[in-house]
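In structure tokens, one chain follows: the form predicted alone.
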């Protein structure tokens, strides 16, 4: 697992476009017996546009957006409500789904998407992204990988989002103050409860470098503590810009 995660982090560091991020996550997912995935950058509003990086069949994703399924997709709706990762598919009670949602799942199943494991990524004000690992059926290898690697998959999802947000949708303004890309990355990891040491391991720099960037963040934001800086980031909803 350490080897897979290290290759994944190295791949994220080398990725600068959607294809790079897709290839990096695909390699890690296949190594963990997870057949397909989707990274969805969530809109602030439930009926807003979703940005997608996925290994799903393109004919399905094109159809998905043409039909505006993001507005009724039960997985997206659940990601707006759930704080913790969740399993979906056969476990869901169909009585809680509308007829359109049942038809949506039937269509998705045609393309091999019947069940999955979704990891919501949130800031202090709500959902900002979600990573889903999906399967055509509840195979033993799929269930085992989800069960054994649940926390690692959550860490991978947050890592992917931090890199993609910084490189694909850069917006490093907090409380009206412009931060550098690396300062923002360190601050985002702090919002996830990561120590300077843990952040250093994740993004591939030294502990001292992370502390240096976080010190710059506090100075620029004119706050005395990292907790205050995190509060400013959450309050401004900067991550979902």
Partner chain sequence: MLVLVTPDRYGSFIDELTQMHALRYRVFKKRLDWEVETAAGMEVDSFDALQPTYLLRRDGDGAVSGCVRLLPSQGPNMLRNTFPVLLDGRECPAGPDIWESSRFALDQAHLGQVAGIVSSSTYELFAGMVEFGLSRNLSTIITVTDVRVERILRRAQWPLARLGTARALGNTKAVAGSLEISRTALMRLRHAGNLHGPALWVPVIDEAA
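So that the term is clear: the rigid core is the largest set of C-alpha atoms that superpose within 1.5 Å between two forms. Residue numbers count along the first chain shown, from 1. Predicted, not measured: the structure shown is a model, and the values here were computed from it.
The next section is about a form of this same protein that is not shown, the form predicted in complex with the partner chain.
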Q: Determine whether any heavy atom of residue 212 comes within 4.5 Å of a heavy atom of the partner chain in the predicted complex, and answer yes or no.
A: yes
Q: Determine whether any heavy atom of residue 13 comes within 4.5 Å of a heavy atom of the partner chain in the predicted complex, and answer yes or no.
A: yes
Q) If you check in the predicted complex, is residue 219 within 4.5 Å of the partner chain, heavy atoms only? A) yes
**Q.** Contact flag, residue 122 vs the partner chain in the predicted complex, heavy atom cut 4.5 Å
**A.** yes
(Q) Let me test this: is every residue among 31, 135 and 139 within 4.5 Å of the partner chain in the predicted complex, going by heavy atom positions? (A) no
Q. Which one, 161-169, 139-147, 95-103, 72-80, holds residues whose non-hydrogen atoms are within 4.5 Å of the partner chain in the predicted complex?
A. 161-169
Q.
Quick check on this chain: which one of 208, 67, 177, 59 has a heavy atom within 4.5 Å of the partner chain in the predicted complex?
A. 177
Q. Can you name the residues of 1-22 that have a heavy atom within 4.5 Å of the partner chain in the predicted complex?
A. 1, 2, 3, 5, 6, 9, 13
Q.
When the rigid core is used for the superposition, does residue 222 move between this form and the one not shown (threshold: C-alpha shift of 2 Å or more)?
A. yes
Q. With the core lined up, does the C-alpha of residue 58 move 2 Å or more between this form and the one not shown?
A. no
Q) Rigid core fitted, then: does residue 181 show a CA shift of 2 angstroms or greater between this form and the one not shown? A) yes
Q: Explain in one word, closer or farther, how the Cα atoms of residue 206 and residue 16 are placed in the predicted complex relative to this form, where the distance changes by 3 Å or more.
A: farther
Q: Look at the CA atoms of residue 211 and residue 16: state whether they lie closer or farther apart in the predicted complex than in this form, given a difference of 3 Å or more.
A: farther
